[in-house]
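Read on for two forms of one protein chain; each stands alone as structure tokens, with the labels structure 1 and structure 2.
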Structure 1
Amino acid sequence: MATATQHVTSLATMDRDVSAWVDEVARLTQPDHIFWCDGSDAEYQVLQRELLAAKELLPLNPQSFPGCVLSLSNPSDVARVEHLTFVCTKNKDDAGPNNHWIAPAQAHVQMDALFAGCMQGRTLYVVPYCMGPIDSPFSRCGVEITDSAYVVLNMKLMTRMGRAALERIARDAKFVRGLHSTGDLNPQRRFIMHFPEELSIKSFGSGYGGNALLGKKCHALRIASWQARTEGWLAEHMLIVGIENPQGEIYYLACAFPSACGKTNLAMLIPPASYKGWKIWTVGDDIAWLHPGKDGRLYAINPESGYFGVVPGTNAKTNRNAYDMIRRDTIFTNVALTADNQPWWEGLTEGKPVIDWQGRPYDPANGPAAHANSRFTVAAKQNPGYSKLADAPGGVPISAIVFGGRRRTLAPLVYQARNWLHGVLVGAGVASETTAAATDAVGVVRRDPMAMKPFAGYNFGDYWAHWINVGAKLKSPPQIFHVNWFRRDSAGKFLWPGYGDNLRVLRWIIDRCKGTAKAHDTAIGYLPNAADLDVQGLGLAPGAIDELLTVNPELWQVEFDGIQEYFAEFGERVPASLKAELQSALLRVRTA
């Protein structure tokens, strides 16, 4: 059990509102101990040792994976639970058809009944955190109260956590209140509720990822998107990457792809061997907060300071930087083990599993050795490509916004929107095959506007209107694109090699922003001609590039009809200009 009396006296008196809230929560949840987290490395080590001693964490091979540990979660608790996630606004329409909703008063009664006495015999951890660089005007703070030391360790890696955050909270006089308990991990008693009007979150019954690390999806997307609308900025499910060309110019891109659709990999891309002098700088891998700047450009900060990344598929060939980065001081969750206690997952080319992610002797009949949504948690600074501007208070200027999804058919490798409004339509029209990042069925195409279906904290109709308004404030708005790395041939094989070779597509995107790359106009936007993309040395199958760049107007008509039906669910809240843009898009495919 953690005892840290010196923390209690100093941190507990730093902000009266935080202390009062901690007292109130302690009265409700009745913990045996209260532990204020200072965010120090020493504290991290103490908590990790306690979890190892309690066998809640397993040690990994200290020679090959120093400082690394393994967490095996409850098998019923392995991903976000979208059907149990709610946005509780006073007015149901403000949450919109894109969210599950319960009236706030009822939600509080229901959640407080679950929280009553739930921390008896446990420690209540107070986790002050800052989303974004401590000294950035764009950053926003919160406090997570949790009874999970595993959550505390993750929050230490994922956010600026502890004393400095609490000092900022005392200055800001404002913070998001996030209350979390793992409860008894009974899926019948699991809910993640958001109260954007109160800047608060209550999460019970899960210890996993986005359900439990409340700074991430709950705060930095659902609550922040609501705050962003009232304050004139955008909180988005986007990576931020800087691409440096051999001339030393760096262009920053913000890319929104749905969960497990390639953000971390693109943010850490390794250029193909033929791309001498090109460098990639990672600013963020999952979330971007975007602000119109005084110069009329759009600026991005990454509110996080670590990565909670998908493990399967990571190897020395697909992502050398990620592969190297997670060999020390990393928390692995739900991977398998080799005979010599190294972590193992599907896609690794060396080693073999003997224990699976449920702690059983590995048997292929039980399915994959590592869970498909197994994750690494690691400090961003361990990334060899960590951007020098990742901590810049003002963020980085964005040249292009790129939407994408996982589509076996239809969406070409890349296309460019005509202008901001058309780009908003392209984003609102994103659809993608579902993945193991959430508990529902995998591989089903669903509408996922701006990759924000699970994360927008308010009505999508209002959200699209807000996107249009933000664009109107920009003298030099980013160009908007759409990509699809996941198009397949008739045998089900990916047509595009992906990973590092995606730089070939990003290069065209950057050159379009500079005005130096060619394109041709199609019914859905500007596409490169096959000759405009550098595919030298790829050894693509004959005809593959043509297939990757095909636009089939009949199929797109069906797609746009689907978007129209989807928009209808949002009724009057869909901006008239966006509906008109969709009508022009429909007309173009009908006459193509």
Structure 2
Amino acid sequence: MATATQHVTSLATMDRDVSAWVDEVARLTQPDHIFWCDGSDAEYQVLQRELLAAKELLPLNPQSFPGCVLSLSNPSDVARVEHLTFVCTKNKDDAGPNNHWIAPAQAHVQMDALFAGCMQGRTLYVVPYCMGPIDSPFSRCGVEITDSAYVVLNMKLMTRMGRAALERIARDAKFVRGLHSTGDLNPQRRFIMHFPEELSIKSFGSGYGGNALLGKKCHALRIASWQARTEGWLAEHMLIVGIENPQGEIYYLACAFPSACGKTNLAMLIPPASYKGWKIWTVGDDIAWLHPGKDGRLYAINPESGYFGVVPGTNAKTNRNAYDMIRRDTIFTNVALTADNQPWWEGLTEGKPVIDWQGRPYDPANGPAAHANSRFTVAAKQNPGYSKLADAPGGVPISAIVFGGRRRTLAPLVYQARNWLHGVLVGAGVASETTAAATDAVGVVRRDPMAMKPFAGYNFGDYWAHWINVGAKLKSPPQIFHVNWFRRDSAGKFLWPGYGDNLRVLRWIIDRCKGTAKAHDTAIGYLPNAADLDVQGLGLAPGAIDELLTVNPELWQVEFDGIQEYFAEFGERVPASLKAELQSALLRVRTA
């Protein structure tokens, strides 16, 4: 791998704390070389060429996919490992039952034993990065030390990485320390440890993005959620989308969905043909940092500068913007290959796989050609719908927060919370039902509060209390809604077309925020009347819109009982006001 003495001279002296920590890690891990990353395009090209020469990356067809490369993972290292991911706080209850816990001292001993000498024969890369615009007061910085050049390339696309970040670290005098090594990729020696009280992360034994790109879920959610509670803001697993109407007004929504609920498609939504003059602007597709503004509103930045997206199912119909943007300068991971060396994945209508994601001749008997969690990494600015305000230091004002889940019969197409506290209850109750394709079981309800179950870096009871406290600071808080694109009829068919037509629902949400749309009160919140939603030209089945907006009190009583049981897991940490709100909700459905 590359060495860069010139980087050491010019960058290592910029911040003594970083330099001292790098020296400490080097003594532990014993690398052959130390490479300080400056984040330049030239550096990116050098590292990419070296990985191509070593056949750790494969070049893709330069005519149809210029600048694109493919990485094939070890088959044992293809996804996040939640059962091996820990939050290490001094007090176990501070991590909460929503996290796996190990005492910090024990965790450090265990991890340092793995790191000892692990970089012999390798290069240690120092990756200074900024989550969020470099000049934003809402941004936070970190340094990842890694022995993976693949990680460096991905961090270049996903963060503001390099010299400018190191300069900001020197000014801030604070940074998140992330230590990573791929180790020997042994699943028995694979752990991801978070130390929120120390603002540090240690990850060993995986090269997969969610475990190895420490700026992403590890820093931007688990550690940042702890920082956010300390500092009075919110770090959330939310997309940020701007919706511009024909009058040129733009309204920004922050939306949280569990996996397999259309999050990326919503972030990059293409308006239906009948919505002339409407535009969608993507600020972020995955993570939002939300800060109370001086004017009493909530403002959001996307801490990332790229997308690390699941690629199966992406095509010109489902997500045209994503389909277009990943056709150049993209890192693909664990997709298949066609005979003419183009990437292929399930959901494409063109091409035919000949090599699967494990580098074998494709045989359907071996399973899908591309791994179900195969990925693309690409700079956000390649998105045709990229919002320039993604780089705005002050972020964008949020008009609405939208939660969603996959429910067959329970949740209506859309409803609005009565107030902020009720909205926190709606978010805390987020759940999705499993599908046969995912789990061989249908309809099993999985609780995923605020879509943060794998990512909240502390006790959910304290997390909900923090949400309530943030809302109390806002003079003009966002309105809170819940959507469900996945309601089905008695024959199991989807009642709503989804995709671009979801804009019809978002339009009602925006009009509710403006105070121009009607609604009626129900046992669970405010719902649109059938006439309040634009369904012209959809060709919905007779009675479909009424079924989409039906609230069954008996089903909701079972749901609220389930939420009450879930809250009981967190005991006295659940805020009394949230418990009272749940009791009010139960009373409303029992008397409906």
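Since this is a predicted model, take the numbers as computed values, not measurements. Note that the rigid core is defined as the largest set of C-alphas that superpose within 1.5 Å between two forms. Here, a residue number simply tells you its place in the sequence of structure 1, counted from 1.
Of the two forms shown, the form predicted together with ligand GTP is structure 1. Once the rigid core is used as the reference frame, the Cα position of Gly492 differs between structures 1 and 2 by 2 Å or more. Remark: with the core as the superposition reference, the CA shift of Met450 between structures 1 and 2 stays below 2 Å. With the core superposed, Leu60 shows a C-alpha displacement below 2 Å between structures 1 and 2. Overlaying the rigid core between structures 1 and 2 leaves the Cα of Cys261 displaced by 2.7 angstrom.
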